[in-house]
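Consider the single chain below, provided in structure tokens and representing the form predicted alone.
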């Protein structure tokens, strides 16, 4: 079991739907929180909603898809908290469209944000975590990363890749003190979803969870040191079924 008190946490995607709720709940655990986002205004608005000692929060304006942005995260955490213990990757983008209608540039952007940037940020934090003999990398994926959904082709594929990366990295670090977790919510009610997604979800009766519930489950999974966690039933069961019978679909 991991106690979050005084843990130095990098939270990417802090101003997104899940990220906002994670920030609100994490800070109640008396951790040191580095909130990463591209907009200083949004970060300041979020900080204003948190009731805590301001010394426990640092705002990091950075774009994780750039090398400079990732270095800014490291520099700011070292300046504010003398390092970091947990990397919580929640930043992501999504499209609900057919593959033929999605531009090549957008496909690249989805993979850059959802897979490549988190991988490169993990690589960035690993030397320090190994040196201090502790660390926890937490990648927030999706049930869509285990079940390929039509019209979410690039998003599903990117989350499949993030899941595979998390599993491979966990095995690579098995003999080290650095832990790797992959946590996969089902559909979540956030601004990431377009009106078309909500209309589709209503039509097919898709289960959708609130961001605050999802954030609570993510934090609980971190505390319990879960290697992999799929949120929501029956979707968590469908993940297992799909793993066995995916070739028949």
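Quick caveat, the model's predicted, so the values are computed rather than measured. Numbering follows the first chain given and starts at 1.
Not pictured, yet referred to below: the form predicted in complex with a small molecule.
Chemist: Give me the residue from 31, 64, 222, 180 that has a heavy atom within 4.5 Å of the small molecule in the model of the complex.
Modeler: Flagged contact: 64.
Chemist: Check each of 97, 157, 113, 80 and return the one that places a heavy atom within 4.5 angstroms of the small molecule in the model of the complex.
Modeler: None of the others qualify; the residue that does is 113.
Chemist: Would you say all of 15, 19 and 38 touch the small molecule in the model of the complex, counting a heavy atom within 4.5 Å as a touch?
Modeler: Affirmative, all three are within 4.5 Å.
Chemist: So in the model of the complex, is the small molecule close enough to residue 70 to count as touching (4.5 Å, heavy atoms)?
Modeler: No, residue 70 stays farther than 4.5 Å from the small molecule in the model of the complex.
Chemist: According to a 4.5 angstroms non-hydrogen atom cut-off, is residue 169 in contact with the small molecule in the model of the complex?
Modeler: No.
Chemist: With heavy atoms only and a cut-off of 4.5 Å, decide whether residue 217 touches the small molecule in the model of the complex.
Modeler: The answer is no: residue 217 has no heavy atom within 4.5 Å of the small molecule.
Chemist: Indicate whether residue 93 is a 4.5 Å heavy atom neighbour of the small molecule in the model of the complex.
Modeler: Yes, contact at 4.5 Å.
Chemist: With the partner removed from view, which of 80-88, 125-133, 139-147, 170-178 is the stretch that lies within 4.5 Å of the small molecule in the model of the complex, judged by heavy atom distances?
Modeler: Result for this chain: 139-147.
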